[in-house]
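One chain comes next, on its own, written out as structure tokens in the form predicted alone.
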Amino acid sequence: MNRRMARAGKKTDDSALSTRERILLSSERLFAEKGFAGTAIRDIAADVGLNPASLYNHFPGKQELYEAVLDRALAPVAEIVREIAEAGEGETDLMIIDRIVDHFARRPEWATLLQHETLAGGESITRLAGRWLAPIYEQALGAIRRSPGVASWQDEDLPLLICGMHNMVLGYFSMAPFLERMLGQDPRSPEALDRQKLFLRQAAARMLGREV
């Protein structure tokens, strides 16, 4: 009974979404599971309950759909980094960690998708780097350079600090099935996420010689 009610509730929730939104949600999940090359438009259309021709009414092709998914994952991250970078002395840049973790916790598929794209070196990686990753990197680098504790690091080490935090945030979500088996707890539960955010704040503070 409970399972039937849950399915019925999901159907009601899905029906309230626009067709474009349902296509994007399905695409995020399938691209994360199978990668760009392994996902066909017909798979996405079938998952949404459309025929492929109808899906093309919303997106010109698979590449455009894939890039729309990547944009949804990274545009909010770029905005978070920009807001923190522009906040100045009144805001602690460690706040960025909580906000980015919360962002990926809402759609863990984004982390898997981004990890897959960067590892595979797919066709979208150049656009992805130019449009989103490079600006995010530059803003983060500026915030780190303003930190009092940065003097303990060589300038050439700073990009490695950013890469390390990047991997700790995305890797936590992309490795969630493994972590659940190893830790015996859902790493995406509210309690686990709070603990992960605290850990990341402490790690970042120690790397930068800061107080949490």
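None of these values were measured; they are calculated from a predicted model. Sequential numbering from 1, following the sequence displayed.
Another form exists, predicted in complex with another copy of the chain; not displayed. Remarks below refer to it.
Judged against another copy of the chain in the predicted bound form with a 4.5 angstroms heavy atom cut-off, the residues 38, 171 and 207 are in contact without exception. Not displayed here, another copy of the chain is approached by residue 179 to within 4.5 Å at the level of heavy atoms in the predicted bound form. Using a 4.5 angstroms threshold between heavy atoms, residue 45 stays clear of another copy of the chain in the predicted bound form. Residue contact check for residue 120: one or more of its heavy atoms lie within 4.5 Å of another copy of the chain in the predicted bound form. Another copy of the chain is not shown here, and in the predicted bound form it never comes within 4.5 Å of any heavy atom of residue 50. In sequence order, 154, 156, 157, 159, 160, 161, 163, 164, 166, 167, 168, 171, 172, 174 are the residues of 154 to 174 having a heavy atom within 4.5 Å of another copy of the chain in the predicted bound form; the partner itself is omitted from this view.
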